[in-house]
Structure formats: structure tokens, C-alpha cells
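Given next, in C-alpha cells, is a single chain: the form predicted alone.
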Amino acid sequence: MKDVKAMALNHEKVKKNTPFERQRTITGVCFLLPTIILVAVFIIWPLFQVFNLSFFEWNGVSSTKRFVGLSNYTTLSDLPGFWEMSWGTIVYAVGVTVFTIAISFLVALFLDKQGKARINRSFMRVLWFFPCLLSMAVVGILWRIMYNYNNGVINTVLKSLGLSPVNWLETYGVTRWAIIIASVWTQVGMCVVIFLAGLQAVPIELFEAAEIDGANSRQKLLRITIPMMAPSITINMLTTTIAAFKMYELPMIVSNGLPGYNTLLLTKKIYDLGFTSHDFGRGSALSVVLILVITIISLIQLFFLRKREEV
């Protein structure tokens, strides 16, 4: 038996050393090389520079840098409104992720529904995906106009219904939900497309067998659809959470962090520290902290969601 295994291994080694296999390997490396170079230049090297700068005091212009060790990290809590900004970033990211996943899943179920009264699925996909094609700056301007207290379309509708207008952009608590709603609007389309792809990959035989066994719609949803959609849920959860933590343009344009520090996210503070206060050291330290938080949360999500996929 051992001789057979040894012969098989030797056969594989010989196969891999053939001119064709070597040429194939070289071709694959050549195709990957441009991407590797771009990733190294625009992602890995900047990350290394940010990590390195977090240990120095530098104004971004001077040719000299003063090494301060962990001082930039230990003084982050001294920043005005730091804890309120941190809490606001977490609430924003959680809110965007939860509502985006929930709404997009329900929309995908509706669009995947068969029947004569079904709305044209391709047309509805385009409508839901359209916000994803707009830049965050454009979306921010659109929602800021709609949230305008005096003549915004949202308050105009409220007035026509006999309700009082809401000061969406200058009210504690309300403004945070305003930017969450705007962000969800931009994220739902991509998640709907991924969920629809997952739904269409579920074998129809499973539903037919469940119907024969007398399962109702709720049981089919809980026992077949959701478990089979686990990979799609994992992808959408990870991408949406990371995008929410990294969001910068939309909240800044819609509310500019007001009122107070209520909607001032850590990404905006990183920009202010580096390019307004010229404190690149603490700005880099805050960037490293945010990267670590995103990485830890993503790994935790990946661990639990992948376990769910194996069930």
C-alpha cells in the first residue's frame, strides 16, 4: 500500500515538472504580477507607512519626525468627543449592516417569487441597483436636499399628511438615523443582487420534497432557504460591515458630523487630524486602531458565519 502511495506521489511530481505545467505556472504568475504590484504599491506599502507614522510626531511637511513611541495611541482618548465619536461609529456601522441585510433579503425574496403577478425581475433589479452606481458625494447631496427642513421633499410630504416637519440635520438622535437611512439606500442594491444569485442557486428539488412532506412557506423559509443562503449572508455581512466602518463621504456631506459629535465618524476625525490639524501621528494611530477594530470584527463574523455554513 505504501509503495502504491509513493508511486502516486512520484507520478504527481513528474507531472508537475513537465514543460506544459511549468509554462502554465509561469503564465499564471505573469497574469497575477500586475495585481500583486498594484496591491503592494497602493495597499501594503501605505498600510506600512501609516503604521510607521503612528509612532512619530509629524506635521506632514517637515523633513524631520520626532519619535514618540505609543504616545499617539495613549492620547487618543484626550481628543474632544472621542468616546462619543467611537460610539457613534459603532452604532452607525451596526445600524447600516442590520438594516441593509434585513431589507435586501426581504427584497430578494420578493423579486425571486414566481407567479403571474410578479413584477419584471430584471427591471426591479435595475431600480434597486441604481443607487450603487452613484458616487457617495452625489448621494450625500441628494439626501441633504431631501432632508432640508424648509423645502425638502420629506418634510413636504409630512406637511401634506398633516404632520409636523422634522429637523433631520440638527436634532440629536434623529440625524444619526438620517445618515443610516441614506447609507442603507446605497448598500441595499448590491446585497439584493448577491442574495438573488444565492436564491437562484438553491435546488428546486428541495422545495418540491418539502411540499410533498407537507411543509408550509414559513418552514421552507427557515429550514431550506435561510440555511442554503448562508454563503450569501456571509458575503453580504462582511462587505457591508467593512463598508460601513470605512464610510466617509456620505455622512460628512449629509450632516458634517453635526449636531455636536453625534454623527462625526472616526473616518472624518482621521481626515481632520491629518489634513486640518496637521497631526499625522495621531491621525495614523487612529487609522491603525480603526483597521484593527474592522479586522477583529470581520474575523469574529467570519468565524461564526462559517460555522453556520457548516451546519
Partner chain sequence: MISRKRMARTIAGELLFLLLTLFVLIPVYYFIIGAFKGRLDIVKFPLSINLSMIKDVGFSNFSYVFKRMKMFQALLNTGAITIFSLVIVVICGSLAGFVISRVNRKFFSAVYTTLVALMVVPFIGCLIPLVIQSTQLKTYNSLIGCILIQSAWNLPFAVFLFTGFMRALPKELEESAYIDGCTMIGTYFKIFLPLLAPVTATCCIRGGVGIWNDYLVSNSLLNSVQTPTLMVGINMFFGARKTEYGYAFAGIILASLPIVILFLFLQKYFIKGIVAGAVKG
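Residue numbers count along the first chain shown, from 1. Rigid core (definition): largest C-alpha set, two forms, superposition within 1.5 Å. Keep in mind the model is a prediction, meaning the values are calculated, not measured.
As for the form predicted in complex with the partner chain, it is not shown, yet the points below apply to it.
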Could you work out which of C132, A210, V174, V94 is the residue within 4.5 angstroms of the partner chain in the predicted complex, going by heavy atoms? C132
Within 4.5 Å, heavy atoms only, which of V126, I226, L163, A102 is in contact with the partner chain in the predicted complex? V126
Using a 4.5 angstroms cut-off on non-hydrogen atoms, would S77 count as touching the partner chain in the predicted complex? no
Is G198 close enough to the partner chain in the predicted complex to count, meaning some heavy atom within 4.5 Å? yes
Are any of the heavy atoms in F67 no more than 4.5 Å from a heavy atom of the partner chain in the predicted complex? no
Can you tell me whether Y73 touches the partner chain? I mean in the predicted complex, with a 4.5 angstroms heavy atom cut-off. no
What residues of 275 to 299, in sequence order, lie within 4.5 Å of the partner chain in the predicted complex by heavy atom? F275, F280, S287, L290, I291, I294, T295, S298
Is the shift of Q23 between this form and the one not shown large enough to count as movement, that is, does its C-alpha move by 2 Å or more after the core is superposed? yes
A40 C-alpha shift between this form and the one not shown of 2 Å or more, rigid core reference: yes
